[in-house]
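We begin with a single chain expressed as structure tokens, specifically the form predicted on its own.
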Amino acid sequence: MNALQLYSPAKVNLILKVINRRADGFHNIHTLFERISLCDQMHFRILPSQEIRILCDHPGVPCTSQNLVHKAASLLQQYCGVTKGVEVRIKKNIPVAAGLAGGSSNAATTLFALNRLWNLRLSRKQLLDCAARIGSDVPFFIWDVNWAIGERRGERIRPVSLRQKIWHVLVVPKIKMPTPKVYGALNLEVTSISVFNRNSGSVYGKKRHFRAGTAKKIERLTKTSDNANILIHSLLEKDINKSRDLLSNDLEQGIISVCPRLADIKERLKALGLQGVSFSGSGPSLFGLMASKAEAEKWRSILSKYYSQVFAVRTL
């Protein structure tokens, strides 16, 4: 096999709780990932040399070593001593820098593709180790599941047994949101008070670097885990109204701080009658939870009159 074509899906975060800022500059989070039907198309072709060639006509996508696709391919070359190269053609359908993890998904798809094309025979655990070195959202796509809880930086993944496929209308304002700047706007102090239990997903506190309000923070973390479980249960029960009420994103404060205009856009969507409006990731993408495909298509038609990037999407 010398060539391969794969689809690279986006994600949304139905719940995203920011726990604390870590000493390494990242943040611990608790999030419910959903993989959605909005996908990039990627074509891979083996090159005889070690060259990594990226081709994409989207102006916002770098075709250099800064691209996560390049980082994924380079990492595998070093990790496995590969002497071959690859040409990657990317047809972008996922908006860039929109909180939908398009770049992370592209990187995960590259790991999958090159594992096959270069005949590396890496296990999922090995691919996950590589993915975590590339970016926090990359491991979610390596699991190849539609639903999962993400913890720590988002790289610790717990797949969720949820077969439901739900619909959304997705609105993506043409505003680039730098993720570090959004997190930085939260102005969180470095703490190490909370970690997740690997087995149960419960939360407990370490007795070091405690600050005022620690007990309240630990209590909030417990509620965070409970909220995700309640949302998963409401989705299982197909209770759309309750599910809409449970959507949340702690990054909203940072998103609006970086771009106050996004607060006006969210309020406008709500004024038009869209329910359960929430940001995905670090924004600027906003989505509403729909009861059916027909409702999603209806809202796509309505909102397309006001915004140029509107999609009706479902769980993949």
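Every value quoted in this text rests on a predicted model; they were computed, and no experiment measured them. Numbers for residues come from their place in the sequence shown, where the first is 1.
As for the form predicted in complex with ligand ATP, it is not shown, yet the points below apply to it.
Contact with ligand ATP in the predicted bound form, judged by any heavy atom within 4.5 Å, is made by just one of S278, T31, N28, N67: N67.
Here is the short version: of K242, K238, R133, K176, the single residue with a heavy atom within 4.5 Å of ligand ATP in the predicted bound form is K176. For the chain shown alone, N249 is not a contact residue for ligand ATP in the predicted bound form, no non-hydrogen atom being within 4.5 angstroms.
For V61, a non-hydrogen atom is located within 4.5 Å of ligand ATP in the predicted bound form, even though that partner is not displayed.
Although the partner is absent here, A72 sits far enough away that none of its heavy atoms falls within 4.5 Å of ligand ATP in the predicted bound form.
None of the heavy atoms of R89 is located within 4.5 Å of ligand ATP in the predicted bound form.
Annotated contact segment (heavy atom within 4.5 Å of ligand ATP in the predicted bound form): 97-105, selected among 114-122, 75-83, 97-105, 158-166.
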